[in-house]
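Coming up is one lone chain in structure tokens, specifically the form predicted alone.
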């Protein structure tokens, strides 16, 4: 399959990229790793008049851990996110999600921004990032705005990013003591697999053996967008972790899910797996929280 004809820009700075995007508007698409965009162009699903390549912009490949925040450049690849010691040590669920994305070849190309902007319901980055309470920075030639990732996705392949905006950065709060997260993905193969279900969970405790103060459960591949599970979260708050509590939260999260039948699995099966994976992700999160003394 051949690509359609298009103009090509390769800006060296973020300011230059924003200017080009602003000038061309809906006629252009930002290009990072291209693992989704180029495929969709070959399939004639998308046919932008211009591509703006972001791979040369160094400021989109930085991390910054100052002022109580952890900022991740949106141009980092999944492989880079998976391998960074600072992410492994502090945001293990995010590292796990990055390492689950596609094959090694795909991980070396696919960027964190591309995985978010493509808005696939089964994508690996959104659940762990939402579990950590992530925000995204959207920049244009007229300024920038910060949006909670909870509000970013509007439907399959749809986000609230404007045509002239570039997703430049992901912002996380630094973890407090006795807080942690887990991420579990279910697929029929170990690599190159689209999730049948994926679940991320975050908890903060009031001490190593204390009650749960904060909880977030995020479900992927069981709705048109990554979903928070409010019933599951509510079941956890103020309670001390136990197998019975995790079972209650898993059942509640399954109730919150909105799966459909397709060729990869039935809605009934997916809902049952939400229950199982939520328990496992919560168990990971609780163990991570108990060992987090920072």
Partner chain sequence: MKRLIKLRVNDKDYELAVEPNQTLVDVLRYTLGLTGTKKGCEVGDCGSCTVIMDGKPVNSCLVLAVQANGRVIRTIEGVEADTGLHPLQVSFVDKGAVQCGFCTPGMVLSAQSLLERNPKPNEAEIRTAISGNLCRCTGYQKIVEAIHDCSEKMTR
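For clarity, every value in this text was computed on a predicted model and none was experimentally measured. Residue numbers count along the first chain shown, from 1.
What comes next is about the form predicted together with the partner chain, which does not appear here.
Note on the partner interface in the model of the complex: the residue among 210, 156, 177, 104 having a heavy atom within 4.5 angstroms of the partner chain is 104. Contact with the partner chain in the model of the complex, judged by any heavy atom within 4.5 Å, is made by just one of 258, 43, 240, 62: 43.
For the three residues 160, 219 and 251, a heavy atom within 4.5 Å of the partner chain turns up in the model of the complex in no case.
Here the chain stands by itself, but in the model of the complex one stretch of 164 to 172, 114 to 122, 96 to 104, 135 to 143, 96 to 104, has heavy atoms within 4.5 Å of the partner chain. Remark: residue 10 counts among the residues lining the partner chain in the model of the complex, judged by a heavy atom distance of 4.5 Å or less. Interface membership of residue 84, defined by any non-hydrogen atom within 4.5 Å of the partner chain in the model of the complex, is ruled out. Using a 4.5 angstroms limit between non-hydrogen atoms, residue 150 is distant from the partner chain in the model of the complex. Although the partner is absent from this view, residue 234 stays clear of the partner chain in the model of the complex, with no non-hydrogen atom inside 4.5 angstroms.
Using a 4.5 Å cut-off on any heavy atom, the residues of 1 to 24 that reach the partner chain in the model of the complex are, in sequence order, 1, 3, 4, 5, 6, 8, 10.
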